[in-house]
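The chain that follows stands alone, in the form predicted alone, written as structure tokens.
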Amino acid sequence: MDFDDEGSNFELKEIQTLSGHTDRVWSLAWNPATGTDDAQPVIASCSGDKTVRIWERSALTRSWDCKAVLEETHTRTVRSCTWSPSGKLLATASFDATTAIWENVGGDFQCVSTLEGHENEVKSVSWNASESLLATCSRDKTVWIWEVMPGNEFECASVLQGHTQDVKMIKWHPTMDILFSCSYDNTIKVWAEDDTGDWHCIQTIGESSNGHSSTVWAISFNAGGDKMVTCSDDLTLKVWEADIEGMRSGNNQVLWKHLSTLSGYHDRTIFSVHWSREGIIASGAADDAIRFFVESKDSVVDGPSYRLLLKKEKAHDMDVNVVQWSPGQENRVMASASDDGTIKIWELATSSN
């Protein structure tokens, strides 16, 4: 997608504000099985109010409504939520040190499994592409890999130790069973399984390898899975690249290399970053703004550079904790959530000059 030649200006149009949570909204997730001809889009959100809310857009009015409140399971803040790739299960990670697995049974969400093991707050949860593995991470500095067994049973396959501080987020590669974690220790770690079934850290991306100089908050991959973007308390976004073919061939020696650093755009911590299918990077930060970046046409020989496409000031009244593009048919629809307790649905629209 060439954003330079569209002859258009971009604007971020607010579609709707979703209110209901009574504390900050930490995270949200679009159900990947929705937003099609057959199914209206569905979002899960989680909050400091200890609940998870399920929101659905009406086919008739196109207005979003809260369809369910998942409560009385977690006893503290729910920090992270994510749907399985099939959209059948929802995993929620909480400061109560547990991860809950929810299933929609005839329109009623039931907690079908509770994963225990972390010593304290669970910060993030992620499913692999084939839905056979689930990963969780915690303030206890560990990353756990769980094997998904029949009957909604989850068995701990490995406890990964290596981070020296709170692990903020984990993310599986979109097509391969390679896991990425980022931490308060300023590093990103890459984990893979060896021939004997043991998990190891195969790369640590720190400040000495053009990495971040402060807490790394989030990770996102491009559609092809050969590039990764990270965001940090050091006020930068960084883009990384790897040889995807080498990775597919099972070569665990393939390293992620620094491509580009986007600095000077944020003056407060960048909490969230998400790469859209068509190549737009969205970021949300503690300055209450949302920004969009695209690859620049003037990319130089030694690699691509990225430019600011649009900045939405005061997208929320407080910190923007998460930005997430819709996986459905509508390419440029996204959602954000904030310390102000709201979720907002947006459309990145073009207006001709």
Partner chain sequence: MTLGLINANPIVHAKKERVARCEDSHCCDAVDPLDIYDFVRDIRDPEHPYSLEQLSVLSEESISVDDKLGRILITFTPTIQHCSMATVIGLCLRVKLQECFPPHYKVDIKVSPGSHADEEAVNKQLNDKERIAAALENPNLRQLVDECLYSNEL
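Residue numbers count along the first chain shown, from 1. Everything quoted here is computed from the prediction, not taken from an experiment.
Keep in mind that the form predicted in complex with its partner chain is not shown, yet the notes after this line are about it.
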query: Candidate site R76, R79 and M318: all three near its partner chain in the predicted complex by heavy atom within 4.5 Å; finding: yes
query: Contact test in the predicted complex: D267 vs its partner chain, heavy atoms, 4.5 Å; finding: yes
query: Contact test in the predicted complex: I54 vs its partner chain, heavy atoms, 4.5 Å; finding: no
query: Its partner chain contact at R332 in the predicted complex, heavy atom, 4.5 Å; finding: no
query: In the predicted complex, N186 touching its partner chain (heavy atom, 4.5 Å); finding: yes
query: In the predicted complex, the one of W275, F95, W199, F154 near its partner chain [non-hydrogen atom within 4.5 angstroms]; finding: F95
query: Of V294, L310, A68, A286, the one that lies within 4.5 Å of its partner chain in the predicted complex (heavy atoms); finding: A286
query: Among 99 to 107, 190 to 198, 219 to 227, 164 to 172, the region lying within 4.5 Å of its partner chain in the predicted complex by heavy atom distance; finding: 164 to 172
query: Members of 119 to 141 lying within 4.5 angstroms of its partner chain, judged by heavy atom, in the predicted complex; finding: E121, K123, R139
